[in-house]
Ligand SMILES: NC(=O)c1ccc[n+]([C@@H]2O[C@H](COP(=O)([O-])OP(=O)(O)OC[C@H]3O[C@@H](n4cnc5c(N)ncnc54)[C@H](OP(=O)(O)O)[C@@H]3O)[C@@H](O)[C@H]2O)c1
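Form predicted on its own, single chain, as structure tokens, below.
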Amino acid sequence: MIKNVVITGGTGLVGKALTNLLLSNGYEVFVLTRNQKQATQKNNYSFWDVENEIIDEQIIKTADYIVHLAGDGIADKRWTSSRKISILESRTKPLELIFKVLKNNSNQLKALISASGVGYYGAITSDKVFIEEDVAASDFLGKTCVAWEKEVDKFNELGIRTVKLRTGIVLAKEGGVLPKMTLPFKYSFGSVLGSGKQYMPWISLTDLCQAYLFAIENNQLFGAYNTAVEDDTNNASFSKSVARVLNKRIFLPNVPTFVLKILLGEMAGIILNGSRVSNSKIKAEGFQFLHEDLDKCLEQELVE
């Protein structure tokens, strides 16, 4: 029997790639979109409006799995007070609406798999390798991830299995942050940011999509899992890898910390800080990363 997967945030980088992967594996996919034009033009798209609680309840009630990817981009805009609220509520409010539908109607949902972030552990740089059981940070991203995951955990009250994938930087040539990060290097203006010692947990788009499929198909998965390569990549080594793959040299000095703080405000913290995370938990469940060598991953994503 064909199983249905509903994806929130399905029009984004990860959502599009995951949709293709699921379809190729025999799943039927429905994407919830805020774009009414898309909803009318594509058969597998359904319009929803979280603020006004507009949603196709039938799609939710007949879903076998829901993958929650919706959320405003963390680094898309400067962190004003209103932007922070938007970042948080764009992740939690959709879950509140879906929970309401499921609570008030009979359904067949087997699991809810949600995105989360390694920002759970905070924008700090340390030698500690964080595991899923570590306490969340008290900064903005830490608090956001906690609130986000709490909304996911509410589905356990309905007897629904929940999985939270705490993701690092997603590397993909099609979009996301990688093209923005590497553009200066292509024109020989790339340089290390701040001290360069801040760790950068990363994962290829291919591996991340496989992780979502793995979470769908393995009933034993439950709770939070770090989904990032466990290595010692920091901004300095990442910059050197990008330059090496693009056959460029880094000749400019490090971008000073104070400059990034002036340009980005509080958001600079996520660029100037970063810690390592352990992926032992998801590996122990049998998940295998296809891309764990940064140079090889970048060669695949950057070299045409």
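Residue indices: 1-based, along the sequence shown. Since the model is a prediction, treat every value here as computed from it, not as a measurement.
Just so it is clear, the following notes concern the form predicted together with the ligand, a form of the same protein that is not shown.
Although the partner is absent here, Ser116 sits close enough that one of its heavy atoms falls within 4.5 Å of the ligand in the model of the complex.
Contact check for Thr11: a non-hydrogen atom falls within 4.5 Å of the ligand in the model of the complex. In the model of the complex, Ser239 stays away from the ligand, with no heavy atom inside 4.5 Å. Although the partner is absent here, Trp148 sits close enough that one of its heavy atoms falls within 4.5 Å of the ligand in the model of the complex.
The stretch among 239-247, 29-37, 53-61, 269-277 whose residues place heavy atoms within 4.5 Å of the ligand in the model of the complex is 29-37. When the ligand is considered in the model of the complex, only one residue from Gly190, Gly142, Gly71, Gly194 comes within 4.5 Å through any heavy atom, namely Gly71. Proximity to the ligand in the model of the complex, taken as a non-hydrogen atom within 4.5 angstroms, holds for one residue of Thr167, Ser204, Gln198, Thr182, which is Thr167.
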